[in-house]
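To begin, one chain is listed below as structure tokens, in the form predicted on its own.
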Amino acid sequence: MNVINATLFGYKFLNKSKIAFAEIDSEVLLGYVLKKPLPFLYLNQQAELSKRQKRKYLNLLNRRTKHEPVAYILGTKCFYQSEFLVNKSVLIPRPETELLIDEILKITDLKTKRYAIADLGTGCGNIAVSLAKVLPKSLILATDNSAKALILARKNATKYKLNNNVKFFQGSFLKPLLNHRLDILAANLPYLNNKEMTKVIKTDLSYEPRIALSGGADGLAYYRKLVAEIAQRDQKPKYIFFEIGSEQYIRLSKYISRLLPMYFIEAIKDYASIDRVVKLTKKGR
């Protein structure tokens, strides 16, 4: 079996199981098996696969037909122009979350001053590490309840030699950071509601940790808890950024305005015109 036939076989194999991006996934998995970048597949379509490579490719295709995400199969996921180690103990980084980083980086003096930035629910550390790569003067303080997630996050920080710029703490939300001054707070917490969670079964999401997806009845349970924690905190960040799901902004903004009246609130839309990031700016900061 050569490359072009393997790619065609993979596409048909995945398409039978109604995998959404069957063609792309078959190419990515084949490239992984061959340990070659995608351009190699296009330029070497007659290259033959060994028996071992064919067996491995079929094994990976079988895993994908069961909706195991490609990121978990490969053990990596690209995010904000960097590659992150991922496994089933963490949520797979999403392109939408890059918008949150873009908005943080719009803060005028961010690259010239030393800011203390909190990343709550860091998972694989994709937000913390991405910020640390472009903000060498700032200190990133990342928290997560999961010890397994923090092991992976530390590996990602080590991969990019950022251990001095990113500090990890195990614990819920702001509790590990009670004695730390924070200038900016970022959080991408679970925000799928109960109705959305019922649709997770038999999809790629079924492989991801439920605790990293489910945000309760309306998807905002964790954000309400976090906002309440911020309200009780004496020293409040100058800026706060939350990633949210569709149709959650109005409900969350009303809750924030009651508990945190010292902030201006605005919604940032993603490329699909969905309110994706909530930005809070402290009045008279």
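Predicted, not measured: the structure shown is a model, and the values here were computed from it. Note that residue numbering follows the sequence shown and begins at 1.
Here the subject shifts to the form predicted together with a small molecule, a form of this protein not shown in this document.
- Contact with the small molecule in the model of the complex, defined as any heavy atom within 4.5 Å, is confined among 152 to 160, 90 to 98, 133 to 141, 107 to 115 to 90 to 98.
- Contact check for residue 222: a non-hydrogen atom falls within 4.5 Å of the small molecule in the model of the complex.
- The shortest heavy atom separation between residue 173 and the small molecule in the model of the complex is within 4.5 Å.
- In the model of the complex, residue 121 approaches the small molecule with a heavy atom inside 4.5 Å.
- Within 4.5 Å of some heavy atom of the small molecule in the model of the complex lies at least one heavy atom of residue 145.
- Distance criterion of 4.5 Å from any heavy atom to the small molecule in the model of the complex singles out 211 from the list 78, 200, 211, 74.
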